[in-house]
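Below sits a lone chain in structure tokens, taken as the form predicted on its own.
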Amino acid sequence: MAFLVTSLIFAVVGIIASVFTRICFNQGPSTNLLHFTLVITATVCCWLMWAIVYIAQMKPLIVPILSEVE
């Protein structure tokens, strides 16, 4: 459930950032396309990094070894 919720948060932030750049940095069709592409690419890369880290914690490759001496 947390994976889906956080993925939706990333999507909403990406949409808001796209609208924000469209409104604040409106300089022409080619520049707007470049800004849109950069925002969407950054959002997808951040989400992908988060998803990889989140999924990697579900089944760690290295199991912690508990020491009996404390």
Partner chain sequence: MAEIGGGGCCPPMDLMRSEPMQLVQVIVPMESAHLTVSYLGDLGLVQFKDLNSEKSPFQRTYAAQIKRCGEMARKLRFFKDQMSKAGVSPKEFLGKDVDIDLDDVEVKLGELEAELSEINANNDKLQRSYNELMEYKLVLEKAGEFFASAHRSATAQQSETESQQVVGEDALEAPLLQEEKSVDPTKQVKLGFLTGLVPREKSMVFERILFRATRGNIFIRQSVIEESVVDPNSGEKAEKNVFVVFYSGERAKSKILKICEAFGANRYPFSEELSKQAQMMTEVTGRLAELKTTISAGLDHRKILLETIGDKFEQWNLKVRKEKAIYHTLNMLSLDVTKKCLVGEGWSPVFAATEIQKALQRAAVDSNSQVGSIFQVLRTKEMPPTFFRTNKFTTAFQEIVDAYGVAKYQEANPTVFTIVTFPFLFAVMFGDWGHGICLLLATMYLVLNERKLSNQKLGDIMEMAFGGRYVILMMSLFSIYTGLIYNEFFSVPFPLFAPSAYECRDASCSEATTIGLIKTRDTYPFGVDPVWHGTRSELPFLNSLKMKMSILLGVAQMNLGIIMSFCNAKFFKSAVNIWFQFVPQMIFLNCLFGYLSALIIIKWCTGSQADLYHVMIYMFLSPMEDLGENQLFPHQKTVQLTFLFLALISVPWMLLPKPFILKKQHEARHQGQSYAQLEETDESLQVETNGGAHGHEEFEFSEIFVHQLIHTIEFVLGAVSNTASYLRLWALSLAHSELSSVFYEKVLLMALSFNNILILIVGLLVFIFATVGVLLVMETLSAFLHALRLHWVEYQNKFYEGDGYKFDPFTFTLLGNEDE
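Positions refer to the first chain, counted from 1. Remember, predicted model here, so these are calculated numbers, not experimental data.
Absent from the display: the form predicted together with its partner chain. The rest refers to it.
- Residue contact with its partner chain in the predicted complex: Y54 places a heavy atom within 4.5 Å of it.
- Proximity of N26 to its partner chain in the predicted complex falls outside the 4.5 Å heavy atom cutoff.
- Contact check for L48: a heavy atom falls within 4.5 Å of its partner chain in the predicted complex.
- Here the marked residues S30, L38 and T41 all reach its partner chain in the predicted complex, each with a heavy atom within 4.5 angstroms.
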